[in-house]
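As structure tokens, one chain now follows by itself in the form predicted alone.
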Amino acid sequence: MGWVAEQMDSIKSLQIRQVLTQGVSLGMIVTSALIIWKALMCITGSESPVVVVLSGSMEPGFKRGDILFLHMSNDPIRAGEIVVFNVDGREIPIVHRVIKVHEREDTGEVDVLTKGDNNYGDDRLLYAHGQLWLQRHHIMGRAVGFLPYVGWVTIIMTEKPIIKYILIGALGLLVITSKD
């Protein structure tokens, strides 16, 4: 309990100016991260420029915990591309490969069918009830690069929330007790 008491005394001894400085610094860090995220959204044309692979459905190409970088252009989507898409009624996006493309002659719109590389069948069972194809508005982006295993931090904090709270508490203590 000696260390905890020392930390509490340290917090009590902080002057209001130091607390405000730390608060402004933390606010600037958070604001900078949001600005960077919004800039990436504009540059990549994707509502989510970075996603984490949450399942093993794309193994061996992408493993659970890999981070994918997305880009969305006006180029037509083609078979073989890896896309991230949202399905109506589901919150979590899915990362799978386009296996079939159906182009409508009258409108030029492209419908796609996807499948996980490690899955037996196509994704029609994952789509909304009665939906057979994905349209352009379902697709968040195309995978253009990845970082292996880095996304495990996100997975662990999502599956074990206690770790997230411990990290937030530790960072908060670090910010409060750091002296300039």
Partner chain sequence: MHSFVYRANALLTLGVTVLALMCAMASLSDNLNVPSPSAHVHVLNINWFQRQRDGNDEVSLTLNISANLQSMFTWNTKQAFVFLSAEYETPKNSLNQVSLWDGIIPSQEHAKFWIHATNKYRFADQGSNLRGKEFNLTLHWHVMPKTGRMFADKIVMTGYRLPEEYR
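Numbering follows the first chain given and starts at 1. If you're wondering where the values come from, they're calculated on a predicted model, not measured in any experiment.
Below: the form predicted together with its partner chain, not depicted.
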With its partner chain left out of view, choose which of 155, 147, 128, 41 has a non-hydrogen atom within 4.5 angstroms of it in the predicted bound form. 147
Would you please decide whether residue 37 lies within 4.5 angstroms of its partner chain in the predicted bound form, comparing each non-hydrogen atom pair? no
Does any heavy atom of residue 75 come within 4.5 Å of a heavy atom of its partner chain in the predicted bound form? no
Within a 4.5 Å heavy atom cut-off, is residue 89 in contact with its partner chain in the predicted bound form? no
Any of the heavy atoms of residue 143 lying within 4.5 Å of its partner chain in the predicted bound form? yes
Just give me the residues of 86 to 102, first to last, that have a heavy atom within 4.5 Å of its partner chain in the predicted bound form. 97, 99, 100, 101, 102
